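The chain that follows stands alone, in the form predicted alone, written as structure tokens.
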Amino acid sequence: MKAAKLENRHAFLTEMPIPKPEENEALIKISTAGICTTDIEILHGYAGFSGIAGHEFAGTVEKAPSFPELEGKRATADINCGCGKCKWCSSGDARHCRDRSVIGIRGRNGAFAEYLCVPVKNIHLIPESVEDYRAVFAEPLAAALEITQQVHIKNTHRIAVLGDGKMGLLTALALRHHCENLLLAGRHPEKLAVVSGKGIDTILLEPSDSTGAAGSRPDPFDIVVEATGSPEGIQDALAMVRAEGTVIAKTTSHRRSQIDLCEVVVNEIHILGSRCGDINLALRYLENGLVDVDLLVEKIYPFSDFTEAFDHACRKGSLKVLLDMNRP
């Protein structure tokens, strides 16, 4: 099979054997995959991963020896594959299993390949009305919606999403259903325009001012979601949140962040990390058209043009770049 590997800070196509599913695993023929900012960070050393990356995908179950009823069904999957024995796995949440592997990120090959093996328990069937290129967004949308599972969001809250990249845009589009006082802050007018008319206020940040446009500074927010993709973003978020407010951190970077801990202590600010979420919840959002992910698709490449597609995804300011495995 054709597969794309990230090794030694290089991304390239190669040929590899088709993996064979073990007991309680399924072989998925990948139809569409998305290039995530995390994949780009992996290229630069994040998570120490080397191999086939890619964790946003849709495909069809080709083989499931222990569960033949799944064969022929369209599917995506949770990316965290737990040990099945620890307290986290026993509670049905493998995200924090200490011995977990993570599809395309940690100890397990990912979806930048024609075929992928995943545990059957991780599989989520794609609703008939959701096209594969939209189902690819289930994983990042689940991550955006995880905020709603971690924090009690009131409609009266003032919420700012800091960062107009892919995760920032997706988070704003998801949270608008939970709060009417929502602001997206970013540095790219063309990207802020993506959510124009979607019930989301926007503010253009000046290069020298992380907290307002043209030198203005908005009133502090109850909740600030940091989705800049930059290690400096967390400190910028702290400058925007009110005393006793909450900063939700979404950025994963190969570079370390630094924060002013005195500001956190004196203002009694809550900092909450937020990662993967409920894939089924995200699929329901997609099925019901609650988030228009078409707005975020910049270009779809055939898999044979992987290196060009990855270079495109690495461009500053790019939106979602997808790989179509069925195009020659």
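In case it trips you up, residue 1 is the first one in the sequence shown, and so on. If you're wondering where the values come from, they're calculated on a predicted model, not measured in any experiment.
Here the subject shifts to the form predicted together with a further copy of the same chain, a form of this protein not shown in this document.
- Stretch-level contact analysis of 123-131, 185-193, 159-167, 95-103 against a further copy of the same chain in the model of the complex, using heavy atoms and a 4.5 Å limit, identifies 95-103.
- Proximity of Ile153 to a further copy of the same chain in the model of the complex: non-hydrogen atoms within 4.5 Å are absent; the residue sits far from the partner.
- At the 4.5 Å threshold, heavy atoms of Arg242 reach a further copy of the same chain in the model of the complex.
- Put simply, Ser274 is close to a further copy of the same chain in the model of the complex: some heavy atom of it is within 4.5 Å.
- By the criterion of a heavy atom within 4.5 Å, Ser253 is counted among the residues contacting a further copy of the same chain in the model of the complex.
- Listed residues Ile269, Ile40, Leu70, Leu27 were compared with a further copy of the same chain in the model of the complex; Ile269 is the one with a heavy atom within 4.5 Å.
- The three marked residues, Pro220, Ile234 and Ala249, each reach a further copy of the same chain in the model of the complex, with a heavy atom inside 4.5 Å.
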